[in-house]
Every structure is written in C-alpha cells, then in structure tokens.
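A single chain comes next, written as structure tokens; it is the form predicted on its own.
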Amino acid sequence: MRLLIKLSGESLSDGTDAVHNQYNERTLETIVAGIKALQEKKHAIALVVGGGNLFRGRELTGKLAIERPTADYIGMLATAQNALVLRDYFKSKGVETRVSSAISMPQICEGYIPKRAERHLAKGRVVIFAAGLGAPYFTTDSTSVQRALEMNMDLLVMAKNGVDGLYTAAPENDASATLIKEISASEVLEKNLKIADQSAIALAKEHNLTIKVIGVADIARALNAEVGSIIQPK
C-alpha cells in the first residue's frame, strides 16, 4: 500500500528535552520507528511536514507589517527546514530519504518532479514533500491531499500530536468529547470539525481520497482497524 503521512510541525516537539524547544528526539525516534515498521511490511511511504514548531505566519502578520503571501512563503521555508532535519535523522537510523521541494533549492534538496518522486518510492525510499505547494494561501493540509492524489496514494494518514483520532470536540477543552471511529467527509465539513482545513477535506472528498487520523505514537499501527478514525470520501 502507498501511504502519505502528514505530520504537523508541532508533532516534532513536545516541549520535553527538546533542542531549542523545536525538536524532541524521543518523538523523532517514535516517528522513524513507525515508518520502519510500515516499510518492513512493504508499504511505500511519503511525508508532508508542517512548520509550526518553527514559524507561524499569522503571528508575524499580527505583529508586523508583513503581507500574508510573504508570511506564507516564510512558512514554506520552515517546512523545508523540518524536512531536512527529518531527512538526516532518518538517514542516521538507516532509512533512505529524499526531500522534494515545491520551491527550487538545488543546493540543499531536489525540486518537486512527480516522476522522480515515484522512482524514489519504487526504490523503497521515503520521500518528504517540502515547501507546501509553492504558493501562498495553501496550508500543508491541502498540500498533503494534493500530493497524495498526484502520487496515487492509497491512503492519507494524518498523524496528530496529543490526540489519537478525530473527536466530537477538543478533548483538552471538553471532557465529554468522544472518539469518532468513522465519519464521512461531508459530515466533517457540515459540523466544521477541526481536524484539517475545510478546503483539504473538500478536495479529498471530491477526488475519493480516504483519510485516517491517528496519533503520532500509532504510526507503526496506522493500518490497524482499531487505531484512529477514518474519514470516508462521501
């Protein structure tokens, strides 16, 4: 099976023993162990990673006279930084990895060429898609759906930090929140459930892409039926 795993930037750091409060090695170990476990079962793995542990554009535009497109581009660069960190960390753990960037940075990583990314996946390498879609006003949620569709992925896995699936409300704020095991994309949109931005959910629905929401600690078991929540594209 071909899987695209979406990681938020925040999932790389949990505030414990972090390097400059941005990266947590125990979390990185969990991620790479999960990916190794999936590769051992012959699954092809690609990643999209956010940049929220390094930079959030809305914080900058709210404080300085920085235009939204500029802030978004800076955010794309943050995702590239995270992708490079993951690439080298994965390599140190024996996982061959390539970074494919939507913004040309030939000195540090490859540009996004779908057929080249396909070849890497065919050779058993992890491919990390960096710099979003290379255009402002699009989130990494939308990037993960678009890349999953273009690369013909069987499943988009959204690995979340602090939750193990999709809930009726934020569990940290609402003690009555319950886990939703399966739901349609239409219901997610209608109820405005905060699992991803609505444009990403709508795109997945339109193009028949199934999304599974899990906790970062469950990456190794991402395909187990009892783990996480399924968003069906209907």
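We number the residues from 1 along the sequence you see. Computed from a predicted model, the values in this text were never measured in an experiment.
This protein has a second form, the form predicted in complex with uridine-5'-diphosphate, left out of what is shown; the following refers to that one.
- Proximity to uridine-5'-diphosphate in the model of the complex, taken as a non-hydrogen atom within 4.5 angstroms, holds for one residue of Lys36, Lys205, His43, Arg56, which is Arg56.
- Comment: uridine-5'-diphosphate is not present in this chain, but in the model of the complex one of Ile113, Ala135, Ile108, Ala122 has a heavy atom within 4.5 Å of it, namely Ala135.
- Annotated contact segment (heavy atom within 4.5 Å of uridine-5'-diphosphate in the model of the complex): 126 to 134, selected among 113 to 121, 126 to 134, 148 to 156, 87 to 95.
- At a distance threshold of 4.5 angstroms between non-hydrogen atoms, Gly52 is in contact with uridine-5'-diphosphate in the model of the complex.
- Of the heavy atoms in Thr139, some are within 4.5 Å of uridine-5'-diphosphate in the model of the complex.
- Under a 4.5 angstroms non-hydrogen atom cutoff, uridine-5'-diphosphate in the model of the complex lacks Val163 among its neighbouring residues.
- Although the partner is absent from this view, Met76 contacts uridine-5'-diphosphate in the model of the complex, with a non-hydrogen atom inside 4.5 angstroms.
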